[in-house]
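Okay, here we've got a single chain as structure tokens, the form predicted on its own, with questions on binding and movement later.
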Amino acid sequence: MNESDLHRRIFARSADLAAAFPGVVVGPGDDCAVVKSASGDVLLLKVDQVVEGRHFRPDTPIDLIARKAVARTVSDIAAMGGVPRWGMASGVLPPGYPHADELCARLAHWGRHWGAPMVGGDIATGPEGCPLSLSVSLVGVPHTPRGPVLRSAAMPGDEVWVTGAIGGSLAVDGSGTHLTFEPRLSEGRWLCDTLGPDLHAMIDISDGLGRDAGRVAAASGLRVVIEGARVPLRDGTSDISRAAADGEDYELLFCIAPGTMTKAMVGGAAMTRIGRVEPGTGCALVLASGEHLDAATMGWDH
């Protein structure tokens, strides 16, 4: 069973959560869970992890390991148009790990940096030979008055846009950005401020432009069409098919009512229209030659 198959099973058996538990607004299947407290406050909940050998190399500087662990979770809060408020971290450390204090200090630093101080957590030592593994949980608040932006509310005729540029995030020549990307918090808030209800759906691109656009399509029950020639590629990247599958971009893909925005730049991050939403199913990448590729399979799947 791959990750996507497991996700479908989790989503199916969680479908009754909102009906069975009044505090659950959105359960598994979006960038964050959305819950409501007894006092009526709406909160965003998210947990993410990084594993040595999978998300970072063993020789990665401690500061960049901690940064990525926090930033990945912050990016999901951004994808809901929210703001992070509090964090917790847990780690499984290799036996005799010599950088434990430095790692905890840098996790605390990056949590404060993005406005989500680490207020607790847990530490364990793994068996001999285990890789370093970190998990970061965040609590955030959605945009007021827009509320959380979901994956599932795209509409036929919507324009599909992305922030920044796509591809090459794992380049090993020093140009890769998977350790140093900036979560698009300000862009997500700006979109909510500017477009309000005309901002229909949003997701952060972590597993690949194609696969994550396909998740918006599946959640919304529609078809997403990406025009390859429109996709902004990161410097050093020229193959759109490969770029759409690279993953670890941490840009925002969003669907908006047609004609509500022209080309925009917020805080240095350009926003580019790359496609459309239409009736149907799946996600297509249209090449300059006119060939249609199944984009929903382009990207990472554990």
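The model shown is predicted, which means the values in this text are computed figures rather than measured ones. Start at 1 and count along the sequence shown; that's the residue number.
One more form of this protein should be noted, the form predicted together with a further copy of the same chain, which is absent from this view; the next part is about it.
Interface residue remark: residue 85 is counted as part of the site for a further copy of the same chain in the predicted bound form, having a heavy atom within 4.5 Å. In the predicted bound form, a further copy of the same chain sits within 4.5 Å of a heavy atom of residue 16. Contact between residue 119 and a further copy of the same chain in the predicted bound form is found at the 4.5 Å heavy atom cutoff. a further copy of the same chain in the predicted bound form comes within 4.5 Å of a heavy atom belonging to residue 101.
Of the candidate stretches 214-222, 91-99, 152-160, 196-204, only 91-99 has residues with heavy atoms within 4.5 Å of a further copy of the same chain in the predicted bound form.
Taking a further copy of the same chain as positioned in the predicted bound form, the residues of 1-16 that bring a heavy atom within 4.5 Å of it are, in sequence order, 1, 6, 9, 10, 13, 14, 16.
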